[in-house]
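In structure tokens, one chain follows: the form predicted on its own.
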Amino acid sequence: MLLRYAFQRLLSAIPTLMVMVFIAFYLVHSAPGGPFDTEKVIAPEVRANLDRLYHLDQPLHKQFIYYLRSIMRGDLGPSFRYRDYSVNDLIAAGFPVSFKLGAAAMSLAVIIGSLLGMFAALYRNSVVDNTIQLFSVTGIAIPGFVIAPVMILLFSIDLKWLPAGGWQIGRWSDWVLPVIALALPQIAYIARLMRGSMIDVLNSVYIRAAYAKGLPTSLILRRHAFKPAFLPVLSYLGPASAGIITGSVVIEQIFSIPGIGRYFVQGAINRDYTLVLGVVVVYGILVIFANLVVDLLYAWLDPKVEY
């Protein structure tokens, strides 16, 4: 049953991915300019050869068919700007960094956000609850591209505690600011969701019965309250993964992190069609896979769910 459900979801994701590629393809090609417009003056015959090599001399619908055939073979095409590399090479080099950054930010957001929400629910209408709610509203309202420069100004320039950018393997200090900047909005959302869900669960009959039996609060939270209270948070993790992925594009650019977000920005600026589309395809696959994992985990936490 589980494998059949997962297989059906993956099959249904193929049309979604194709529509996403179709929209991205036409949006990228509709932008003014082209991949060779910023170069020095090119001889007409050289320009014609380049257009023929990359099928840019063909009508747009034929270019799209060529690109679909290419990605179906697992080939994301050559990069127009990074001449010695294919898009596969560039994504293979940047994806591990982006994945580690996103995974660290999501893990931090789930742990801190869940704990804050639980504390706010246990001490609701207190100073603790009001403080956590104030933090949540502020974190939701302020985007990451505002938080990141402020953190650099405070912790890197003024206090000189942490580096302002860069990414060296094994140097943990490079992780701190980008991971926190990427995780803060998600911590705020998760804390609010966990607070509301935990309040509903704590008011349930079986939780009141557990308190009446004299069970300690820590045991009640761990065994009886956490799983049902975490279900709304788990449902949010699918869209949150998309938020982490799209947010990492900006954060990587701000902190000079060599992930695929940097290639996406540079590809958009340079009209590198294949590079932008390759990043879109990879991001789309990640979001679809994250939503599938969330659905499977939902059934694990809630036995009443059937596939």
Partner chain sequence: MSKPVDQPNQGAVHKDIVDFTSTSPWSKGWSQFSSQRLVFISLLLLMMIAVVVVFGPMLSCYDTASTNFELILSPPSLSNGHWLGTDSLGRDLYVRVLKGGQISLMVGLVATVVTIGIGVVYGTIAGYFGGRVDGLMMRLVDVLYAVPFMFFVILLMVVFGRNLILIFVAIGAVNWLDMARIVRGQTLSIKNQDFIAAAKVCGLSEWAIIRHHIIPNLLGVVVVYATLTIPQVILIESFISFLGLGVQEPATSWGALVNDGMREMHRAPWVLIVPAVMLSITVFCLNIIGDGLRDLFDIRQANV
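Positions refer to the first chain, counted from 1. Owing to the predicted nature of the structure, the values given are computational and were not obtained by experimental measurement.
Missing here is the form predicted together with the partner chain; even so, the following discussion is about that form.
Contact check for Gln63, Ile111 and His224: none of the three has a heavy atom within 4.5 Å of the partner chain in the predicted complex. Of the candidate stretches 226 to 234, 98 to 106, 197 to 205, 83 to 91, only 197 to 205 has residues whose heavy atoms lie within 4.5 Å of the partner chain in the predicted complex.
Leu219 falls outside the set of residues with a heavy atom inside 4.5 Å of the partner chain in the predicted complex. Mapping the unseen interface onto this chain, Gln253 counts among the residues with a heavy atom inside 4.5 Å of the partner chain in the predicted complex.
A residue is said to contact a partner when one of its heavy atoms sits within 4.5 Å of a partner heavy atom; Ile257 fails this definition for the partner chain in the predicted complex, lying far away.
Mapping the unseen interface onto this chain, Leu10 falls outside it, with no heavy atom inside 4.5 Å of the partner chain in the predicted complex.
When the partner chain is considered in the predicted complex, only one residue from Val128, Leu159, Val176, Val137 comes within 4.5 Å through any heavy atom, namely Val137. Although the partner chain is not shown here, in the predicted complex the stretch 262 to 276 places heavy atoms of Phe264, Val265, Ala268, Ile269, Arg271, Val276 within 4.5 Å of it, in sequence order.
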